[in-house]
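Single chain ahead, by itself, as structure tokens, in the form predicted alone.
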């Protein structure tokens, strides 16, 4: 007889309003707007046109399992960082892999190990635009961190540093947010050392141009979100 788990060991329940939202929404129109807007196929030859805009709320609640990598994300909730170690070649992966990717190990099942909350920048990018959930925090710096002792890199944000002060090899400390939810945004990093100006990868002209761009992004975020704006970079 197949094992069918039904026992919940621990949980943080979702907001039940999602159920009501989905049932009330279900793509049924709840409002409309009759608007005037541009029409035409050339930007220099536009005229006015009228359009009907229908408002249809829709909500979905997804349930998905982290599977064999569950301990990694459960560790976030417990504020512990775990990696996966191959017992054959001793390679340590973070983010973890359920099986070793080295061809010689022939898909060896990995073992869990707790990792130190430190590492170094492998690469990074300055974000001036993002998906909707992160718009309020623009601009921010996303980095790929090689956690100490690991052979893969962990994507995360780096805070408390200017974009032009970040470079590959910069030592960092990893931190968890106050109320982790079991997702990659639960973790972030900060410099563990004072940035070395000799290693900065931008020229003075590039830095000034970047500063101006960051100011434009920050001002846009503040105008759009007001008091809810949470820019990650102070310019």
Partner chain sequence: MARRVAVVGGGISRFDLPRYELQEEMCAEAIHEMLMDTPGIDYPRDVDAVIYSYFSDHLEEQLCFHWIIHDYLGLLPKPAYRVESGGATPVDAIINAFMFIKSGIFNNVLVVGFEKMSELDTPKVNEFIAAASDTDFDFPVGGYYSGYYAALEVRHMFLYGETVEDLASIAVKNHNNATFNPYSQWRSQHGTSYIGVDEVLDSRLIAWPYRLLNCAMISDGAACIMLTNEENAKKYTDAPVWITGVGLGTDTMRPGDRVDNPMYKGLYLKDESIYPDVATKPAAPYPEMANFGSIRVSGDAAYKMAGIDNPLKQLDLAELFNPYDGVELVEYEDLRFCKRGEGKNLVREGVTEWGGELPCQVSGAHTAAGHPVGATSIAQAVQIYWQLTGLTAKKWGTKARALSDAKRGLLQGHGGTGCQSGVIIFEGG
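Residue numbers count along the first chain shown, from 1. All values reported here derive from a predicted model rather than from experimental measurement.
The next section is about a form of this same protein that is not shown, the form predicted together with the partner chain.
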> Which of 86, 150, 161, 117 has a heavy atom within 4.5 Å of the partner chain in the predicted complex?
Replying inline: 150
>> Using a 4.5 angstroms cut-off on non-hydrogen atoms, would residue 173 count as touching the partner chain in the predicted complex?
In response: no
> Might residue 181 be said to contact the partner chain in the predicted complex, defining contact as any heavy atom within 4.5 Å?
Replying inline: no
> Quick one: does residue 29 come within 4.5 Å of the partner chain in the predicted complex, counting heavy atoms only?
Replying inline: no
>> Is residue 34 near the partner chain? Define near as a heavy atom within 4.5 Å, in the predicted complex.
In response: no
> Taking heavy atoms and a 4.5 Å limit, what residues of 96-111 are near the partner chain in the predicted complex?
Replying inline: 96, 97, 101, 102, 103
